[in-house]
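The data below hold one chain only, encoded as structure tokens and taken in the form predicted alone.
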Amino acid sequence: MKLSIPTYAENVINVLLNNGYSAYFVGGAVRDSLLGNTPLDWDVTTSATPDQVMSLFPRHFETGIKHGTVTVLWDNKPVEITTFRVDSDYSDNRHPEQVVFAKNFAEDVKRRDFTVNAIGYNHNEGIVDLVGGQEDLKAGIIRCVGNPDTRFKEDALRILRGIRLASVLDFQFEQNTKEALINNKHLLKNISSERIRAEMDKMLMSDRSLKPLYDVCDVLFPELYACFSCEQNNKHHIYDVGTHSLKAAQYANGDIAVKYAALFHDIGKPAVLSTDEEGVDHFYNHELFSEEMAHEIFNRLKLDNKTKKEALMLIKYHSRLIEPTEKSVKKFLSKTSEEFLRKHLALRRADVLAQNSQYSAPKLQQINEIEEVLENVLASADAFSLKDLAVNGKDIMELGAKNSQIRFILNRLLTAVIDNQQLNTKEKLIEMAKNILNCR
């Protein structure tokens, strides 16, 4: 089998091969190519030492020199090159205490995580599969190379990486690998937040089923894990809160803030569960509890401030009702922004898709209608934000308003203009501002 390799990556491996070194593409690039997907990155493993690699490629970065890794640039595109190696003991469940360079690819393969990631390739030898990775790809199996208990104890991040692969590829775990993963998942507590977040980001952005996350949810997100025991006895729901949340995150659009909001938008439900006389469950004000709990989770994950702020705001307002009318849309826009409204609607759509489909059609139709109204509002010259008013803060200040009064008055004026666009002239707004000042 001949894989389609981009020119820049082919040039890199040719330099190594033409200089007498063994070299193979390996990892996700080979795996994805065999699955018919387009790889994002091309990694190479080689018999050349880091010093030898750096001498062959003037444009390079010592990205992981301690572990034998050098990143080289060809046509300004990076290729990560790692020397064949065997690892010693892992004292911290993440990093080997010592790295020893190996003589050949067969030794290097033994220290890799999963069989589907341990397939090598170059244009001279073709596919080099020493651990049955191709068979597992065809069968849809995630299997550790060698002893799974050893693999996970060496590097606990492999547990979450396996969960991510099972999710993104829609694969199943081989039985021994699954048992070792469950038995060692507590080791994820030793993994940095940054590494966990990186794997979560990839998993969420794949738009695939997040069901495999359940296996480690009690360790990573105990708040979400509790939701799997919270049923929703309500005609609008057919899943428990946890399953509903996983599905909503899958259905959410490709914005990472919307994804995180969808995953945690309902984690406050178990805290506010009430059941009426007819046996119907209710979750009044759950969004406020969800926002507070999600804030703690986002801090643990060390989400960047922009993503955290947006996701929390989306959670807080995810139950906010917007009517498909210009007045309702303009009022929402006046308090937020076009970008936030679009993300809000994306979250609402994902929320509905993860509910009982028997009752989803009118809800989805309303969301579509709101989007149509939004487009009409944006295409018009109507005012729906403070910057659209015919007056500004300086105009109000000249009327004698104090700094603390200016924004209050402008918001009052905007509310009036949203109801009646004909009021948006400087003369009329100044007169209204004077009346507001006289009444205060």
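Numbering starts at 1 and runs along the sequence shown. It should be emphasised that the depicted structure is a prediction, and the values quoted were computed from it without experimental measurement.
The protein also exists as the form predicted together with adenosine-5'-triphosphate; that form is not presented, and the subsequent description refers to it.
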Contact segment among 376-384, 400-408, 36-44, 49-57, judged by heavy atoms lying within 4.5 Å of adenosine-5'-triphosphate in the predicted complex: 36-44
Output flag, R31, R112 and K202 jointly within 4.5 Å of adenosine-5'-triphosphate in the predicted complex, heavy atom basis: yes
Listed residue (K331, H318, R164, H237) with a non-hydrogen atom within 4.5 angstroms of adenosine-5'-triphosphate in the predicted complex: R164
Interface residue in the predicted complex among D255, D136, D155, E326, criterion: non-hydrogen atom within 4.5 angstroms of adenosine-5'-triphosphate: D155
Q232, heavy atom within 4.5 angstroms of adenosine-5'-triphosphate in the predicted complex: no
4.5 angstroms heavy atom contact with adenosine-5'-triphosphate in the predicted complex for S290: no
In the predicted complex, N117 touching adenosine-5'-triphosphate (heavy atom, 4.5 Å): yes
